[in-house]
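This document opens with one chain alone, in structure tokens, the form predicted on its own.
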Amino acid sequence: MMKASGFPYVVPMLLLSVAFFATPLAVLVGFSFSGSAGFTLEHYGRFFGDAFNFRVLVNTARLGLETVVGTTLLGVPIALLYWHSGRTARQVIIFLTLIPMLTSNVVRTFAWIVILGRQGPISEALMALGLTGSPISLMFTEFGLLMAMCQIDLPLIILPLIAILSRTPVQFSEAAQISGAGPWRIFVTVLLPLMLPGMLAGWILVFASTSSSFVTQAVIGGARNVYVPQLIYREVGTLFDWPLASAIAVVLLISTGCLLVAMTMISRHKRLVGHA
């Protein structure tokens, strides 16, 4: 008797992927090469011929990498706290991690306007500590934008790490401790290799989210800090130059993909995973 194939069950998913992902992507790529006389590389030449555009592309990649580092430094301790906690504390950590994700990204972005403003808690705290004599604003600064992006994207790295650690017995850490390893050595040689797959998933999600977060970049970063999504919006919404906007979007897609591949290769290096 012939074994039943599972192909019919994936046909709806394939049709949806072709209709809502592959086809729009093909149209986008087609627009980027379209000219009055047919196929052309003119729009890519215009993009790379302007030093400002290249600087915007570098700034976008740098913001993504900085957010990856920031969310990793914040997310790893929270995930380890979850791992060492009891049932009630774990439920609280999961609740506090998921609650921000149930709130619109726009709402969270506008909440940061209050936090980073002159009358916000950061400015008040710095004045109370005597670090500044007058109210300060972190709005329209790269540091303020980085703080907002780290908070908004933090759940994207905490959840993969928790998923990994939930399957890891706490006895691993206890066995290493009994063998004489200190806390730092336990973290580097035991926990870090175990968490690398979760970190990799989190890095990809955080970098992709940060690089394409138009609302937060535009509202918190302001007009002085321009990133690729704002550049695409300007070409489409103001200048109505769809072919150039499509070329910029394709460049962002390819550059983001290259960085994600690099992250994957680094995280799978044998010196990093050799202790796993």
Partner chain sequence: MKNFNITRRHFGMLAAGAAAVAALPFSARAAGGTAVAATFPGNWEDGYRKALTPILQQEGYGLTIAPAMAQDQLAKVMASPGNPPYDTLLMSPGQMATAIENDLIQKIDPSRLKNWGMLAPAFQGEYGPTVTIEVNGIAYNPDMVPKPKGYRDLFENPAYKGKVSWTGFASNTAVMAYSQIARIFGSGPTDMDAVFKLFRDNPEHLKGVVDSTNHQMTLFQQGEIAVFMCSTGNVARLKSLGMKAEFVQPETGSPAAPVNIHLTKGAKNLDAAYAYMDAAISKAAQDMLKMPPTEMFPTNKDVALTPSIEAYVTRDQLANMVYPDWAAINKNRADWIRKFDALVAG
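Computed from a predicted structure; not experimentally measured. Positions refer to the first chain, counted from 1.
Keep in mind the form predicted together with the partner chain is missing from the figure; the text below concerns it.
- Partner proximity in the predicted complex, defined as non-hydrogen atoms within 4.5 angstroms of the partner chain, places exactly one of 22 to 30, 203 to 211, 239 to 247, 60 to 68 at the interface: 239 to 247.
- Although the partner is absent from this view, H84 stays clear of the partner chain in the predicted complex, with no non-hydrogen atom inside 4.5 angstroms.
- Looking at M139, you'd find a heavy atom of it within 4.5 angstroms of the partner chain in the predicted complex.
- The partner chain is not shown here, and in the predicted complex it never comes within 4.5 Å of any heavy atom of I232.
- Within this chain, R118 lines the site of the partner chain in the predicted complex, having a heavy atom no more than 4.5 Å away.
- Among the residues F172, F143, F95, F110, the one placing a heavy atom within 4.5 Å of the partner chain in the predicted complex is F110.
- A heavy atom within 4.5 Å of the partner chain in the predicted complex is found for one listed residue only; from L131, I178, V114, A163, this is V114.
- Residues A218, V219, G222, A223, R224, V226, Q230, Y233, R234 of 206 to 234 are found to place at least one heavy atom within 4.5 Å of the partner chain in the predicted complex.
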